[in-house]
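Quick setup: the structure tokens below cover two forms of a single protein chain, split into structure 1 and structure 2.
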Structure 1
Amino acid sequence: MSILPQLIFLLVFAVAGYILYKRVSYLRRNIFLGQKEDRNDQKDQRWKTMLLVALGQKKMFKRLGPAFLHLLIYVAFIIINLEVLEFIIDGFSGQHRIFAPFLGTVYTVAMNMFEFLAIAVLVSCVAFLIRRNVMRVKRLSMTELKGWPALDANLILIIEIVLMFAILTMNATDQILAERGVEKYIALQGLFFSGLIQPIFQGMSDGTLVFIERFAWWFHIVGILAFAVYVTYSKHLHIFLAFPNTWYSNLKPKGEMKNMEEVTNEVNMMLGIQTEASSEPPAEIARFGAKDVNDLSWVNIMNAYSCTECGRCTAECPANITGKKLSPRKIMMDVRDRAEEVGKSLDAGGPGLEDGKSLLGDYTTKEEINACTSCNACVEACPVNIDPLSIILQMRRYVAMEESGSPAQWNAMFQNMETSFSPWKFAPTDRFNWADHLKNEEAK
């Protein structure tokens, strides 16, 4: 027996592993272009959030139809990977269906379950293709998805369909060969779904069937490895990043904005308040707010890589609903695309962040961030707890504090607040006038 297939398998596996290692290192470096932020508190709550939101898909179920189809693909992904484990052991050992003799009937039941899930994935992916390309569901066909994002989405669905066909073809031919008593092939006690397509192959010779069966086997395993590499270039990264992304969720009330400590020191000094921190010389502050990806927190950039562009945020955004340019999904895509641009430049020995471009200006415009009502609808809607609002507000800080470039009416509001301690221009001494009339009214 030739060990050539085993050697080829080993080589394919090693190459895929190496590429994946390089890709993961690249993504990690890009994410850590962001500022440090410590989110390691409340570990119990973090595990719970991850289990409920990522593993349990709790927030997906705000929209039942897509949630159900997505759940089928998700369950299939996890369970069919058990079969991939057998593929890998078979591939390394040169065996065929190594678990079958040990598990007996259980093996047949498991295979039938995998086949059922394969069909479920097929149906769901076709339904998703129809939603995107025929029904053209609004959030899945908006302008920010033109080009690569739309192609990426369709490619993922088509790859999954093809991989599922490979499994079914493999099982169908495998069982015909087993029935014919061809060496190595193990007869199971009936596979329902692949049995349905067996008639296509019945008339073929043993040699042709072995070729098709082997081809489908290799296609499936190499396909999965190739897909794993593809995922690292794709919005589909959410299948892995959803887990850390939810673990590092913001656990504070959604309305709370992060305090800028560097500003607090200055304010305390101005108001003559003695604190331990303010007696220190002020630390060198790189920049107030965020102009580029490296001004954001690493969590913001991880959020961007976790985004699968489902657009539930944008579909709930009051600004977007009423025709403003702001789309929270596009904010996330902008952050990722800029991090990618910087990362690729760095890897090519280029200028990286110093390329004369920036997130704000070259990707996201002021008009977009100025349209936000900070209503948290996008944050609430995200099935994996991405926080576009945090990024928008950090960019506003840059505009207001570094550029004094806020809209004129906001600058007027700032001025009112500085002089009258109210966003409106009223005399501070009139603040209590509302009570004048009441103080003289008879209490009922």
Structure 2
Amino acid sequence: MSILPQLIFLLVFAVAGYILYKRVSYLRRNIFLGQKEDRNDQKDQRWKTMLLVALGQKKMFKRLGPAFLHLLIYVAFIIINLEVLEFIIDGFSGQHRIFAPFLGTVYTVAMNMFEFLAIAVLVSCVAFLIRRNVMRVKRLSMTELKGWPALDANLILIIEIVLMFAILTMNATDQILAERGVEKYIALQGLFFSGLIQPIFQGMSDGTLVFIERFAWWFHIVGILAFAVYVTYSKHLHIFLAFPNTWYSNLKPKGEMKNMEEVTNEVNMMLGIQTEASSEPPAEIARFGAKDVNDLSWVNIMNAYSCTECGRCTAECPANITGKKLSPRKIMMDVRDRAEEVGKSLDAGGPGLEDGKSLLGDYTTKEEINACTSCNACVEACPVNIDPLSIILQMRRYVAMEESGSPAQWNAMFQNMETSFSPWKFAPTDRFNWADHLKNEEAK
């Protein structure tokens, strides 16, 4: 028996593995352009969050229809990959359906379950294509999704449909060949869904059927490997990043904003409050807030790469709903696009972060970040616990503290808070005048 197919499979597998290794290294480097941040506390809560939100799809079910379709694809992705394991073993060993002789009837049941899931994926993908391109759901057809994002979403759905057809075609021709007694093909005890399309192939010769079956087998496994590589260029990277992204979720109450440690230490020293941090010599601060991706934390950048571009955050954003330019989804896409630009520049031996561009200004505008009400609706809506508000607040802090570029009304409020300890322009000694007035009125 020729070992050429195994050698070809080994070569294809090795090439895909090498490309994946390079892409994962590239993405890891881009994510760690950000500042250090330690989020490994409360491990029990982090495990619970990851299992419920990433694995259990908990937050998806706020919209029942899309959630059910997404669940079908998600379950199929996990379970059908068990069959991919058999493909890989067959590819290396030169065998065919290596598990079938050992599992017997159980194997047939498993194959029928895989085919049912393949049909479920077909139906779900067609429904998603209709939602995007025919019904044109508003959050799936907004300005920031024009061009590559829209093409990417459609491509992945079409690829999944084609791969599912390949499985059904392979099984249908495989069983016809088994019934004809062709060597190495194993007759199973009936495959329902692929059996429905067997009449299409019944009149073909054995040679033609072997070619179709082998083509479908190779197309499916090479397609799976190509899909794994493509995902690293796509918004569908969330398939893998959803798990670490939910593990490193911000577990603090959603209304709690993170203080800037540098400012807190300065205030403590001014007030004579001794803390461990304030007792140490102050380190040189490169920048207050965030102007570019390297000013954000690595968790912020991982959030951006985990973005599913579903637009649930933007659909819930009160600023966006009332016609403001702010779109939390676009903020995350901006961070990812800027990290990609810097990464490609570094790989090409270019200036990287010193290219004269920045996240704030070249990607995200002040008008966008100033429209944010800090309500946390976007954080609550995200199905994988992304935190756009953290990025918005850091960019606003840069504008306020480094550029003094906040709107005039904000600057007046800041000044009042600095001098009068409240947003209103009156002396702290007058703060309880209203109580005295009320007391006088009651006395009358």
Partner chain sequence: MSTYKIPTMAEMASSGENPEILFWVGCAGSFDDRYKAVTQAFVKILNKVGVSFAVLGPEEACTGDPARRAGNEFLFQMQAVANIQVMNGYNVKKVVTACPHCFNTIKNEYPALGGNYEVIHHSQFLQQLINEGKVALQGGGEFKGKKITFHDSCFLGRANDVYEAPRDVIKALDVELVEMKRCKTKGLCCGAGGAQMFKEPENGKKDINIERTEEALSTGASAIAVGCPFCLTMMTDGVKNKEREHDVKVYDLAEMIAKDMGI
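Numbering runs along the sequence of structure 1, starting at 1. Heads up, when I say rigid core I mean the largest set of C-alphas that superpose within 1.5 Å between the two forms. Note that the structure is a prediction, hence the values are computed from the model and not measured.
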**OP:** Please match the form predicted together with its partner chain to structure 1 or structure 2.
**Re:** 1
Original post:
Does superposing the core leave Ala427 with a CA shift of 2 Å or more between structures 1 and 2?
Top reply: yes
Original post:
For Leu438, is the CA shift between structures 1 and 2 at least 2 Å following rigid-core superposition?
Top reply: yes
